[in-house]
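First comes one chain, alone, set out as structure tokens in the form predicted alone.
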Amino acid sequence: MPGKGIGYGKTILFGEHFVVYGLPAVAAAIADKTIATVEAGKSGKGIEFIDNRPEVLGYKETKKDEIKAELKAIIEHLKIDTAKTPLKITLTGDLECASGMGASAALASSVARALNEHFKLGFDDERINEIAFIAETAGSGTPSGIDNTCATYGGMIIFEKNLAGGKNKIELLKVKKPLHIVLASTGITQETKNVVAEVKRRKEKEPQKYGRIFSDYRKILNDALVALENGDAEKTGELMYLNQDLLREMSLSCPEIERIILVARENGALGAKLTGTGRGGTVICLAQDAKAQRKIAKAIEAAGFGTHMTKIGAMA
């Protein structure tokens, strides 16, 4: 019997890259998701993989090695002999594959869920999340764990990576009302592991500079948690701009990101910053309400970038 599974996309409000070093981050699942279907394949085919997800031009080609590594890791971890039990895995859904959207984690979580259902393995969310992290590690090198957690659980979370190797700290963050956001795509795809590795090299070369950056981020994060819990969108947006200042110092921005942020700010965005890997990918823009959200999206599109309007914080 075919198995189906979903994995949510995500956006990071605060803390990408910092989370790799054990600092807390705030992330949220978005309503957009990847849907995986697993069914019996044809004899002798091993794995037949069909990827019908929408994408930013070139994403799947750039990420093809990561995608292959993720699928291989899941199959090997579950000890599935595809020579004896061939599989057909099909991906669909409305989550656009773009850097910063958590597409690879959504793939991993959805496929793990679909295999769980197909083979009636009886896994709970914690086990699905564990499998998705294993897949992300195979694909991305040193993931923080934040993407797969959002992909699996949904909602808005405070995430803190356990650098000692134990369980990561995950806390549901309750917000008073959903936030209206615009996700804007630069059209540029980066390989996460390469960018993370370069940040690590820079940190080792300039420890004092990065020590100060990390200290500044801690204050931003603490203030952001208060603002989010109080439903203070204006303060949240102000802190997003400050977080972007630090990411810019870490050489994670690019002209396309800066152009989107400028246009968003000129058209009333409360806050805007890169989300995810950086040096391309996606920018998250915070709007006051649905009307402001539409205005920001229209202006960014007029500047030549793709946008997607959604809400975060309302899912459970």
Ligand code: MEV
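Here the structure is a predicted model, which is why all the values come from computation and not from measurement. The first residue of the sequence shown is number 1, and the count goes up from there.
Form predicted together with (R)-mevalonate: not shown, discussed below.
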Among 28 to 36, 48 to 56, 272 to 280, 287 to 295, which stretch sits within 4.5 Å of (R)-mevalonate in the predicted bound form, heavy atoms only? 272 to 280
Exactly one residue in Ala112, Ala135, Ala106, Ile146 has a non-hydrogen atom within 4.5 Å of (R)-mevalonate in the predicted bound form; which is it? Ile146
(R)-mevalonate contact at Leu71 in the predicted bound form, heavy atom, 4.5 Å: no
Does at least one non-hydrogen atom of Val20 fall within 4.5 angstroms of (R)-mevalonate in the predicted bound form? yes
Taking heavy atoms only, is Thr152 within 4.5 angstroms of (R)-mevalonate in the predicted bound form? no
Examine Val196 and determine whether its closest non-hydrogen atom to (R)-mevalonate in the predicted bound form is within 4.5 angstroms. yes
Of 1 to 16, which residues get within 4.5 Å of (R)-mevalonate in the predicted bound form if you count heavy atoms? Lys10, Ile12, Glu16
